[in-house]
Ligand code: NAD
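Single chain ahead, written as structure tokens, the form predicted alone.
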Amino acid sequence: MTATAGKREIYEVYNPANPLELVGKIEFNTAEEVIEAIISAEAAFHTWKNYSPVARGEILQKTAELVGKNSKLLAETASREMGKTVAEMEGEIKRGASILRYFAQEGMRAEGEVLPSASETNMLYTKRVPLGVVAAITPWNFPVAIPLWKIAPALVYGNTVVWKPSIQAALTGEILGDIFLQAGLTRAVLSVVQGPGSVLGRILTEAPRIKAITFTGSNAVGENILKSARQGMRLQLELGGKNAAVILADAYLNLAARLTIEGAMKQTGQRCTATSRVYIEEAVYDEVLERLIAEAEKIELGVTMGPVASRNRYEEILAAINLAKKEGATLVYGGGPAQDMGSGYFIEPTIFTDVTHDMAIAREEIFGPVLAVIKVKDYEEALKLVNDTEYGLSASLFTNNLRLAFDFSERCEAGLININNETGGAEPQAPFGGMKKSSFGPREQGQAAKEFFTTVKTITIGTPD
């Protein structure tokens, strides 16, 4: 479905746990409406940027309160719309509220610094200023947290935002947009535009009034944005991952197995930071594999793990599983459509062994509940294989060897390093982003966010006698 000139198209949203259940309908915006939203955002910017940063932060604080009050509505809508369990959504919504509260406090932080001048009659200082209109293009897999960690810093630093949520999270996006309005924003300061990325993405990347685009999604779409973006436009692209965990013989093996399965299977593996590969030191390989399977057996489909988000995702993941079998990997757990779950897009937690590094399962992002288990001789072999990928988002090491923990932190080619923790997750105050093909542009979240959403003015004031 596409946005067409002068005519709105209706998009129907169905529940991936029960594809016959109509969850709701969304009207796609026309191209003219999207352009009008951009024009309105540019006009609103000249007022919004002059608000006190403290006042902007207070609106974010109010938004955080309203997100908490509407958590049940958000969680149930998102769960029915894109498949994540209600419990997982409730955790995400709490994280979203924390993101809003964190960036609300940014309104009270210093926005520049006074510098010494070589001239005793000059006052020299810097000031961070907003860019203008920012376009936020967000995915379906974290329909609350990812939009908030883009929109909140953009707003508190004085930008206006045109936000395009994924059409697979469109209903949740409408609710979240309304919450910002209830908190005191206008539709011009934050516009929610609905429609397919293939159409709206082109409008946003070509619009001269858009000063920056922040995007999270697939590498293919990110590369298209990079190619089509107008010259001079600031870009922030958070893309794919092929994240690895390493379990050494000296690790707490129960903890390592549990967190590796959680990293691989939470949110049905539909996270850019999900654990996709695990390298196990040969001395404990058999024992750890047994524990991994035992942890996978604890997962309850429809209770602790939801369906994948769409029919397309379902078919693509099953195709990746079948390809792994054809290439010689050994299926030791799961590996197929879930039984007794009706017509929902449920896939069993899946574990493969006998995986070599030339197989697709070891190299390509699957974005589903699939884990490749690989035996290694020692730490050095594991580190070499961890780095043998075009991605570099997140990685974990399970060990009680402090020297190797620091060595891994230095030599592992990933932006997010975890020691005795799973590959997923990031706190609002910490920068988020990867290396290689996983990220492009400044980091998200934390103090790093201001590097993308602001630019610096240097000011000299002469004070002659």
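Numbering starts at 1 and follows the sequence shown. Please read these numbers as outputs of a predicted model, since none were measured by experiment.
Same protein, other form: the form predicted in complex with nicotinamide-adenine-dinucleotide (NAD), not shown, and the subject of what follows.
Taking non-hydrogen atoms only, residue 364 never approaches nicotinamide-adenine-dinucleotide (NAD) to within 4.5 angstroms in the predicted bound form.
Not displayed here, nicotinamide-adenine-dinucleotide (NAD) is approached by residue 164 to within 4.5 Å at the level of heavy atoms in the predicted bound form.
At least one heavy atom of residue 139 is located within 4.5 Å of nicotinamide-adenine-dinucleotide (NAD) in the predicted bound form.
The closest heavy atom approach of residue 85 to nicotinamide-adenine-dinucleotide (NAD) in the predicted bound form falls outside 4.5 Å. Each of 197, 201 and 393 is positioned with at least one heavy atom within 4.5 Å of nicotinamide-adenine-dinucleotide (NAD) in the predicted bound form.
None of 132, 91, 240, 334 but one reaches within 4.5 angstroms of nicotinamide-adenine-dinucleotide (NAD) in the predicted bound form through a heavy atom, and that residue is 240. The single contact residue among 221, 284, 338, 188, judged by any heavy atom lying within 4.5 Å of nicotinamide-adenine-dinucleotide (NAD) in the predicted bound form, is 221. Heavy atoms within 4.5 Å of nicotinamide-adenine-dinucleotide (NAD) in the predicted bound form belong, among the stretches 114 to 122, 292 to 300, 346 to 354, 232 to 240, to residues of 232 to 240. Of the residues in 206 to 221, those that come within 4.5 Å of nicotinamide-adenine-dinucleotide (NAD) in the predicted bound form through at least one heavy atom are, in sequence order, 215, 216, 217, 218, 221.
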